[in-house]
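Just one chain follows, in the form predicted on its own, and it is written as structure tokens.
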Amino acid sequence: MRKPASRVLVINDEKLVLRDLLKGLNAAGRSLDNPLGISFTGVTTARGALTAIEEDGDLQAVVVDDTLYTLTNSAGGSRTLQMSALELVQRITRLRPELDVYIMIAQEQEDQVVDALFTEAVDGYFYREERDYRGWYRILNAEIQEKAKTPFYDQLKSYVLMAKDAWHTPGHSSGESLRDSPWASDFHGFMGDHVFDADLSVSVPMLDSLMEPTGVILEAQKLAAKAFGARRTFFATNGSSTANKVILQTLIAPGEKLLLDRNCHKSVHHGVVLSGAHPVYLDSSVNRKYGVYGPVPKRTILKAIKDHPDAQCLILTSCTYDGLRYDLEPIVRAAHAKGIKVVVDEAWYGFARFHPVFRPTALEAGADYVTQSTHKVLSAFSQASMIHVNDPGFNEHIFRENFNMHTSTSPQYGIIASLDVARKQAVMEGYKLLARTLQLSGELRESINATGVFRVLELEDLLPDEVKKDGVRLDPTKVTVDISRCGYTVEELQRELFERYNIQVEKSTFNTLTLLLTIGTTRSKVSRLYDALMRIAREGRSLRRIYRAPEIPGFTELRFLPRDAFYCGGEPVPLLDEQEKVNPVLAGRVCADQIVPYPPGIPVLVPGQLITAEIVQYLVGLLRSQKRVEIHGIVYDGYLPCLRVLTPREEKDLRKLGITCATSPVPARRGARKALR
């Protein structure tokens, strides 16, 4: 197993002093316990320090002299201040917030320096005159080891190695039921011993409880909060889908308003049903040329905030599946000015904290709640996600009750351990790995464009016109490729890549493929993909006409709260009449389900929404399309596709939005959640 290498950068402007510091600290590192491979390197200028921090992915800590001077050539050899310690610390933190920062100070100036740096990300101070190299080394070593801890994973591993007899769940009893089975031993052999040994239950107190953590899970969550820049962090073992529902049920009481991107993940729309929210849907921008759905235009969001100051929260997705990121700071400021909480689904952007190219993160932009699918873009198991909280009015009791409502009482402990390890890796080597990913992204873009047939779409290509002045940025780890000149349909190309070249891509539209680069992407994989695309390009196939997918109809009208409509019995009404034509009877009815075509995953209908002839025509067109499209929410009566709609009696009994009715709950007053604090 490879040993870690950790470097500490010492910044002092006097070469002789710096030489003595490095000599003493490196000697201490060689003579004392050094499990993380700590060594010391130095520079004499602030500019050199920032360059080293940017280039050296193995740096874990920085020691800064509080007064950095440089000799000038003027008479008398006067000294000029390079940069204040305050400014340098701020620039280091903006560049790499995961680094530990220590300041060397003169004892007589302690109060002045500490006061100046009190609010900055400074981890400690050393007295310049003392030169206690062994003491300094012990402090730095302990700090780096603290950052590298994985309290839950270590405890899980320790327990497994104890080899206790299991008289508790799960039923496979550390794999004993499978190991020698003539019918199931193959599964045990394929998965391996430790998968079953570490599959434990809440019957093991030393592994803590996800539902009410007080031990190693709590400690792991605190380390994650510090790493990602949150006040509080919670581990979720059922993906961001559950995380989004937990947040919505925490912030919104039945009948309260929620502003949301119509293009949000379907879990947000499920959260609308569960919470009883009154949603105000904001239509996304659309790039019709490539079938890409972008952010909601900034002017649309700001108008919604102005028109609905009684909304409890605003939820947006940043970045989108295609890598488009909002300029969040002005949006968050506008929402907070009206007392509206901001929730950001950052499922595809959980790595952003660890490299300046990707920042600011949603938390850094001021978001109150952020969900991240750690499994999508960092080294965690599938379903492993995090909820980050920066809300100053966080109601922990209500949050915990909702969290426990959704989480399993038997969580998969391997998923929790993977979150612990993914956080450690992101902190200790995330910058280095992301720098490599960015380099590979640049190389991949160049090589794809070099085929002369395939072309990578850049920000200007992807941005819909209505958001081109909104400060939207592109995540370079999402690579969208225009395939329209290769002579294949997108389905044929995906099949060719899979069957002939063993390549599986992330997603597609009618004329694009999207490739996802992560910290696990290697140069070998990039080379194999380039080779495959170049071979396909050289086939010189004749151009094919590519049929553009029909555009999703705009949102119509919300007649009833989604929760009220969803929980009605309803009745199924066919999409086609007896002549196999579009059924005109559906127009004017109210849908009781969420109808979501995949791709692109945007709800065409939500519970409580008015159905129009245009929507019915669109759904029938998808069902008849040669391109395979999943449509979630369709009800089948035998082979006949139907929509579940409200009956006339149900429509009469329900309270229409804006109208109070005794047969339906009265909306909770604004701030109902606050009243529970």
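All figures in this text were calculated on a predicted structure; none of them were measured in a lab. Residues carry their position along the shown sequence, with the first being 1.
Keep in mind that the form predicted together with a small molecule is missing from the display, and what follows is about it.
- Of the residues given (147, 388, 96, 265), 265 alone sits with a heavy atom within 4.5 Å of the small molecule in the predicted complex.
- Residue 376 is the only one of 589, 376, 308, 473 with a heavy atom lying within 4.5 Å of the small molecule in the predicted complex.
- Just one listed stretch, out of 223 to 231, 151 to 159, 341 to 349, 578 to 586, contacts the small molecule in the predicted complex at the 4.5 Å heavy atom level, and that stretch is 341 to 349.
- Contact check for residue 317: a heavy atom falls within 4.5 Å of the small molecule in the predicted complex.
- Taking the partner from elsewhere, residue 244 is found to have a heavy atom lying within 4.5 Å of the small molecule in the predicted complex.
- Of the heavy atoms in residue 238, some are within 4.5 Å of the small molecule in the predicted complex.
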